[in-house]
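What follows is a single chain, given as structure tokens, in the form predicted on its own.
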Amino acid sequence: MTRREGVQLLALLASFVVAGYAGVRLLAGDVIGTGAWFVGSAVVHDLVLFPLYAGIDAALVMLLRRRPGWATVAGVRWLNYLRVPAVISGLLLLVWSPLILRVSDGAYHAASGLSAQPFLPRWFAVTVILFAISAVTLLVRALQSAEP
């Protein structure tokens, strides 16, 4: 075994220890509720969310193939500049949706002593910033490709 493989094995074992500790702490509370949450989230993702966002992406790709002039901005393909902030924003919404949508404000307040009121405006601000950064990056790339 080389030194690099030894370091990789050590890192893998350390990640198993951290994951095991997290699992023990997670299951120390409500085992049935935690299991139901994992199963429910897997089912909702696989049967509802994945077909939804895969279908939207496939429809966009098909539309851009039919209209090739729409696929680029000054010679730069723009679809990934839309995908990346949309995925990050959607993932943040998915993870923090109970607080963003204020569904479980009472449980959050009881556990942390804080209000869930700022989650919606903060998520919206992060989303706007992500799309703004993406738009600026696309603009810079388009200007660079337009230079002689």
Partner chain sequence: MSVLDRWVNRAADHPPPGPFRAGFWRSPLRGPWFTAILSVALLPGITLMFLTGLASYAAYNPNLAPGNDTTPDKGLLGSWLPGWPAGPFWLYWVNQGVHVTLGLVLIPVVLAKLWSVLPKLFEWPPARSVTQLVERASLLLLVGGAVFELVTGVMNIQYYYAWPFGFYQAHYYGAWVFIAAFVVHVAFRLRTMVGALRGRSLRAELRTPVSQTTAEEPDPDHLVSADPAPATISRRGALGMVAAGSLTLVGLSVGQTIGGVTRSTALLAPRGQTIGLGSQELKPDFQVNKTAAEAGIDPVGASWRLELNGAANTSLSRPQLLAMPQHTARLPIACVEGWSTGLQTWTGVRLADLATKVGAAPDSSLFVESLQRGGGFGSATLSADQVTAADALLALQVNGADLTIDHGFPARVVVPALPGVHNTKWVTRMTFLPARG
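None of the values given here were measured: they were computed from a predicted structure. We call the rigid core whatever largest set of C-alpha positions still superposes within 1.5 Å between the two forms. Residue numbers count along the first chain shown, from 1.
This protein has a second form, the form predicted in complex with the partner chain, left out of what is shown; the following refers to that one.
*Asks:* Determine whether any heavy atom of L52 comes within 4.5 Å of a heavy atom of the partner chain in the predicted complex, and answer yes or no.
*Replies:* Because no heavy atom of L52 falls inside 4.5 Å of the partner chain in the predicted complex, the answer is no.
*Asks:* Give a yes or no for E147: in the predicted complex, does one of its heavy atoms lie within 4.5 Å of a heavy atom belonging to the partner chain?
*Replies:* Because no heavy atom of E147 falls inside 4.5 Å of the partner chain in the predicted complex, the answer is no.
*Asks:* With the cut-off set at 4.5 Å between non-hydrogen atoms, does V128 touch the partner chain in the predicted complex?
*Replies:* Heavy-atom contact with the partner chain at 4.5 Å: absent for V128.
*Asks:* Classify W70 as contacting or not contacting the partner chain in the predicted complex by the rule of any non-hydrogen atom within 4.5 angstroms, answering yes or no.
*Replies:* No, no contact at 4.5 Å.
*Asks:* Determine whether the C-alpha of L27 shifts by 2 Å or more between this form and the one not shown once the rigid core is superposed.
*Replies:* Result for L27: yes, a 2 Å-plus shift.
*Asks:* So with the core overlaid, does the Cα of L91 end up 2 Å or more away between this form and the one not shown?
*Replies:* Superposed on the core, L91 moves its C-alpha less than 2 Å between this form and the one not shown.
*Asks:* Using the rigid core as the reference frame, would you say L9 shifts its C-alpha by 2 Å or more between this form and the one not shown?
*Replies:* After core superposition, the displacement of the L9 C-alpha between this form and the one not shown reaches the 2 Å mark, so yes.
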